[in-house]
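Only one chain comes next, encoded as structure tokens, the form predicted alone.
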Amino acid sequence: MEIAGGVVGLQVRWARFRSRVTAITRVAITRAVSRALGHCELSHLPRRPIDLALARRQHEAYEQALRELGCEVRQLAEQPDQPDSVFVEDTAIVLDEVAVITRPGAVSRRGEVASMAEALSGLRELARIEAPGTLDGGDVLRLGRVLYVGTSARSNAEGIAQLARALTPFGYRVEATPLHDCLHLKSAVTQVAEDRLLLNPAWIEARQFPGWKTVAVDPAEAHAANALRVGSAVIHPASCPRTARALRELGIDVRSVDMSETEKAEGGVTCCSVILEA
């Protein structure tokens, strides 16, 4: 895996860029819902009919929630032959210094990455996960300078090792993180406050995140751990009101959005955007 111009050159260019920055814009990259969404990959859920028109309306509402939280939404064009392409999170891991273009674990999804690389090319230097490595962005949870990566069916040991090699020069540590019975790491745990994680203890153990306070999802809402933190607020699925209530009781600003149709495709609120400071 190579980074254009080498690591040292990239670090120099990054330092120069930071010295020129006078204003920061929070950008959310999304993608239009594919007309083929009903043919999505499924690992843990039975296939159910998806209302495409409703999915698109819900996605528009999701984008509006991002705008209300200060994001400039940049929507990529529909990929009609890529059923899962609305789930852009899986195609890239974006940090301040570099963006890592992934190699998704599902072969059917590898056609999604080129357009994401193009969208990010003017915003970050790019690194790439190469064969035989596989890595889904949904398996990567950044907490400070540590990136926890789920050892799921979609992200293998080689992909995790390549990510670690790409990020070590920038002072990040990568930790392989066991989980079970769910698709991605961020199906099981996400950050919802400066010092707190939301997790499903049936899918992942809190002890894997030393130094962090945790709040467990409501037992009746298995998929409630997938929350998207934007600034000081959290976008959360409307299908999980009990967990949302518990978060609000902790003083967290929760914005509930209805994602019923993409949830049928095993998608959550983190999946549908790549957020970065530009």
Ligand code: CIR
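The first residue of the shown sequence is 1; numbering continues from there. Remember, predicted model here, so these are calculated numbers, not experimental data.
Keep in mind that the form predicted together with the ligand is not shown, yet the notes after this line are about it.
**Student:** Given that the ligand is left out here, which of Val33, Ile29, Leu228, Cys40 has a heavy atom within 4.5 Å of it in the predicted bound form?
**Tutor:** Exactly one listed residue reaches within 4.5 Å, namely Cys40.
**Student:** Heavy atoms within 4.5 Å of the ligand in the predicted bound form: which stretch in 179-187, 94-102, 157-165, 194-202 meets that?
**Tutor:** Stretch with heavy atoms near the partner: 179-187.
**Student:** Any chance Glu266 has a heavy atom within 4.5 Å of the ligand in the predicted bound form?
**Tutor:** Yes, Glu266 lies within 4.5 Å of the ligand in the predicted bound form.
**Student:** Closest heavy atom of Arg109 to the ligand in the predicted bound form, within 4.5 Å or not?
**Tutor:** Yes.
**Student:** How about Gly150: is it within 4.5 Å of the ligand in the predicted bound form, going by heavy atoms?
**Tutor:** Contact with the ligand, no.
**Student:** Within 4.5 Å, heavy atoms only: does Cys271 come near the ligand in the predicted bound form?
**Tutor:** Yes.
**Student:** Could you list which residues of 64-103 come within 4.5 Å of the ligand in the predicted bound form, counting heavy atoms only?
**Tutor:** Sequence-ordered list: Asp84, Phe87, Glu89, Asp90.
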